[in-house]
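Only one chain is included here, represented as structure tokens and corresponding to the form predicted on its own.
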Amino acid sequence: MDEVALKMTNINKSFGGVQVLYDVNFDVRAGEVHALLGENGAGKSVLMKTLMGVHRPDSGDYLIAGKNVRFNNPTEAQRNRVSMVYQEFGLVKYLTVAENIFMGRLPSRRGMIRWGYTRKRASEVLGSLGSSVPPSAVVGDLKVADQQEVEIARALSYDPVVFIMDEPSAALSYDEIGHLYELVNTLREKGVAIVYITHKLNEVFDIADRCTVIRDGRIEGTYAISELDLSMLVEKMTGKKVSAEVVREDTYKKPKESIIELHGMNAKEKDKVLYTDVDMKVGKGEIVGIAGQIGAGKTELGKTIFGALPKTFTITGEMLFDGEPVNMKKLSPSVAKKMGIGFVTEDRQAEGIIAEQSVLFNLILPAFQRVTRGFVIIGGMARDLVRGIIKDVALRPPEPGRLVKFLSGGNQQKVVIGKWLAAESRLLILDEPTRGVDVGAREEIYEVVRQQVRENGLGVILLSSDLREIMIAADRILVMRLGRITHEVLPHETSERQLLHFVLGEEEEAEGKKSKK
């Protein structure tokens, strides 16, 4: 593992006069998993995109297997066996899985596309991931985790010698992450050099050989994983001491009033059951976490409450909001918004933000009634509202006119949360709210939510497959498995390991550990 497959030397990059990379030096050896770590906006993705030809560096050199290269675009990089799985999906949603994997290079003979062979090759690549996604499926019909697998499969189809993975596990379940690890280990054994960008620091210790920390566009250092522990790694990333442990209060005060109640809720479409017999309450000023694997039914339950589940599904049961029954047949996102329900989607790029518009535009979008008179937007009212929300969510930089696409992932997520605060939501549904967000920005997002809960009595439903997130943020935890609520636990009475056993349906192991606690 001594041969250097990728070497970057003195890479500099600026955007509009603002420098974001400063003389960066970075290398990856053949057959090595090298984690590239840093907070949102530190420069990780930008550095890799300069290699791929997405961005043109101001200066610097790139060596692939000892050969000087400078790619003009990602296609050129891929043809030279350098592939990257991007954090933001680049799939064409109206095309099939097979068409996406071999986009721009569909196998043909005598001018005719060989569709059977294309699907066969796509199936083989997906099979190497342990994926069961059908090659003939339309990408837009797939859940986020399956779309992530298609992204990885497309990059793998180029048979890369350097493989860059930007947040590859962000949308994957425990089982799927296991398949991802197997794939990474297989590629490592074949001598592929792997750059692994992640905010899930446990993955660094699970799979990486070395890690490089980048902070504010500069390399802080490169380390063998054996030299580090979690607290050291967090400190190097943030430049300050940050507790890596989960510390919870040992008391739980039951809210006096409920903001929402569900009784015997079921959702199905023909023979497809999304969830069944769901009973739950969320109090005013309470954060209720729903823990479960991707596909457990959490997202679908959240969409039901927000009125966003497709009308092809039959919903039965009773929903009370602020003590009043809700007509589920008439519930829609616009009705839910008027009631005071907000929904922070797991896919902020596609559904949460309008990236080409400003922070101000995004924040007032669901709150026009607060800043308009008749059909006219009152500029002063809009600016005052937005300044207040920017302060509440600690947006950085605090610039209402900045385009959202130029914000880091963590700050984009603050905009999504902020727009629902601007809409005066009384119940906020958070679906995988810190997906692709670094450790520092995560805590800021948790604190934004906690402050609204404490000061304004906001009720929160936190849907997450990240058990550490659930343990840190929730007041009370419901476990959802295969469409059913199976357990209710309190964070201060439960360990993360016990919660994992409940999520996986391993009750005996969970109870055994609980009795020894």
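Predicted model, so just to flag it, every value in this text is computed and none were measured. Quick note: we count residues from 1 along the sequence shown, nothing fancier. Between two forms, the rigid core is defined as the largest C-alpha subset superposing within 1.5 Å.
Keep in mind the form predicted together with a small molecule is missing from the figure; the text below concerns it.
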Choose from 440 to 448, 329 to 337, 394 to 402, 121 to 129 the stretch whose residues reach within 4.5 Å of the small molecule in the model of the complex, heavy atoms counted. 394 to 402
Exactly one residue in Ser358, Thr276, Gln87, Ser258 has a non-hydrogen atom within 4.5 Å of the small molecule in the model of the complex; which is it? Gln87
Report the residue, out of Phe406, Tyr223, Phe313, Tyr158, that has at least one non-hydrogen atom within 4.5 angstroms of the small molecule in the model of the complex. Phe406
Does the 4.5 Å heavy atom contact test between Gly43 and the small molecule in the model of the complex come out positive? yes
Taking the shortest heavy atom distance, is Lys298 within 4.5 Å of the small molecule in the model of the complex? no
Would Arg484 count as touching the small molecule in the model of the complex under a 4.5 Å heavy atom rule? no
At 4.5 Å between heavy atoms, is Arg468 in contact with the small molecule in the model of the complex? no
At 4.5 Å by heavy atoms, is each residue in Phe71, Glu99 and Arg154 next to the small molecule in the model of the complex? no
Aligning on the core only, does the CA of Leu395 end up 2 angstroms or more away between the shown form and the other one? yes
In the model of the complex, do the Cα atoms of Val20 and Pro398 sit closer or farther apart than here, given a shift of 3 Å or more? closer
Hey, the CA atoms of Ser408 and Gln452 end up closer or farther in the model of the complex than in the shown form, with the change being 3 Å or more? farther
